[in-house]
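In the form predicted alone, a lone chain appears below as structure tokens.
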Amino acid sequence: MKFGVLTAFAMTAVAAFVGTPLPAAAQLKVAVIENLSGPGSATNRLFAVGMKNGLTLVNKAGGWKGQPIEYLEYDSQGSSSVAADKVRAAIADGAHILVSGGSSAVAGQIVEDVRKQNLRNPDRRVIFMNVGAEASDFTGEKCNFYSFKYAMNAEIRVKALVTAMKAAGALGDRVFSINQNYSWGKDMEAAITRYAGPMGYTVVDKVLHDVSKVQDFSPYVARIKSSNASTVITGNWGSDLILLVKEIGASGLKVQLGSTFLELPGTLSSAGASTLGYYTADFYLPEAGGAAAKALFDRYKAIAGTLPTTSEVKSVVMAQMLQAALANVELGPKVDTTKIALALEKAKVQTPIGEISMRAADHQAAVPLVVSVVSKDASFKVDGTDMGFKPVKVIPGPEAISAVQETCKMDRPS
């Protein structure tokens, strides 16, 4: 009885000494704004799936110092104007970090919306983490302290692709450039042209076509044939890549092909054996990661029920980058996004193919990537086929990253 009285007295004394208890720590909210229902959604929604599962893995490991991170999701429908509405909705719902990756057009809208939000509401700043949109101006004229680009860009991909293909004797000396007519495709065309001299090839023709609207690529394949190209290099993705590769195969045209998104689900199964011998350059193909990659895939499958696609792995790794940053940010009654942004600049994650780090000068991540060739000898078969991606070369992040652009004039918080 005396123990109980003394305990009660001690608790009262402590309460009187410290005053009102401190408020509970605010919960961090991460909002994915992605194309979940519009054209291209079958591909783009994978970034959202990966982020949801990636944050689940982070929360299972303790979240932010014991507090779970909340996941929010909004459908941009692949539209910049809809994305702008979703940004406002996410911020109204309390989001601190916005995530997107399936479209450079949508990501460009989010970058601008975040810039305006932070200028107008310095006490309610938000962060944008770009997992897959690769337009180069995000780390150029549109670079922003609160915007982080974990995606690569055309310069990084093309440099790796043509270097590895040349070393393998698969590049040829006459290249046909075909890409989608928006910021990403234009960046690809420029990079393909820029590396012609250093890599010893001539760009014999260039095509920019509408995105996800071309149903018949036979006129373009006829143009490739008439150019006498030895190699086609393309940044196409989704149906534009599938239909292009299928038409090349159906025509009987014998050319080499270098790609940046050949590993996306459905491409090999749709295009078939005509893809054998084709090259692609992307982050994280499983065979290059060995046992560590298998362990990551197994952890993911345990919560998702399926093995992750490359797009999902990108989101998972970005969630790990956030986890690494939050380890150095204290919990408090309010989420301080400036402190989180400063921590994101210093965060590093060791992946099965090498380290990922963030460059503070322009917020471009140094991401390792793998150049691989479609082969029946690959250990990991994809799309239910007897084919997969055999690694040819792994390029460490510091070697792969492109130079800081002169157009990046980043204003940093004082």
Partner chain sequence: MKWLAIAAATIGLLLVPVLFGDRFVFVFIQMLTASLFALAFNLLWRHTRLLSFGHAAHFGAGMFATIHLMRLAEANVLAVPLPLIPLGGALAACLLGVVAGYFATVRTGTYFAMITLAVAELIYALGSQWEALFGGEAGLSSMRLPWAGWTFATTGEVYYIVLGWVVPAAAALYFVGLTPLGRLAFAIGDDETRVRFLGYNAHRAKTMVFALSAFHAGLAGGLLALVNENVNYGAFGGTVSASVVLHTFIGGSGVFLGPVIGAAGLTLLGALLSDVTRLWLLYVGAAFVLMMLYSPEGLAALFIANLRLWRELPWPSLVRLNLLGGLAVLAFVCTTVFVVELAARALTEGASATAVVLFGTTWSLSSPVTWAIPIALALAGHVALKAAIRQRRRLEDAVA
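No experiment lies behind these values; they were computed from the predicted model shown. Residue numbers count along the first chain shown, from 1. Superpose the two forms; the largest set of C-alphas matching within 1.5 Å is the rigid core.
Just so it is clear, the following notes concern the form predicted together with its partner chain, a form of the same protein that is not shown.
For a residue to qualify, one of its non-hydrogen atoms must sit within 4.5 Å of its partner chain in the model of the complex; all three of Lys86, Glu112 and Tyr182 qualify. Interface residue remark: Leu36 is counted as part of the site for its partner chain in the model of the complex, having a heavy atom within 4.5 Å. Using a 4.5 angstroms threshold between heavy atoms, Ser218 stays clear of its partner chain in the model of the complex. In the model of the complex, its partner chain sits within 4.5 Å of a heavy atom of Ala105.
For the chain shown alone, Tyr300 is not a contact residue for its partner chain in the model of the complex, no non-hydrogen atom being within 4.5 angstroms. Just one listed stretch, out of 243-251, 316-324, 159-167, 132-140, contacts its partner chain in the model of the complex at the 4.5 Å heavy atom level, and that stretch is 132-140.
Checked against its partner chain in the model of the complex, the residues Asp173, Asp205, Glu73, Glu287 give one hit for a heavy atom within 4.5 Å, which is Glu73. Only one of the listed residues (Ser227, Ser230, Ser269, Gln77) places a non-hydrogen atom within 4.5 angstroms of its partner chain in the model of the complex, and that residue is Gln77. Of all the residues from 358-373, none has a non-hydrogen atom no more than 4.5 Å from its partner chain in the model of the complex. Annotation: Cα of Glu330 displaced by less than 2 Å between the shown form and the other one, core superposition. Once the rigid core is used as the reference frame, the Cα position of Arg115 differs between the shown form and the other one by less than 2 Å.
When two forms of a protein are overlaid on their rigid core, residues whose CA moves 2 Å or more are considered shifted, and Ser315 is not one of them between the shown form and the other one.
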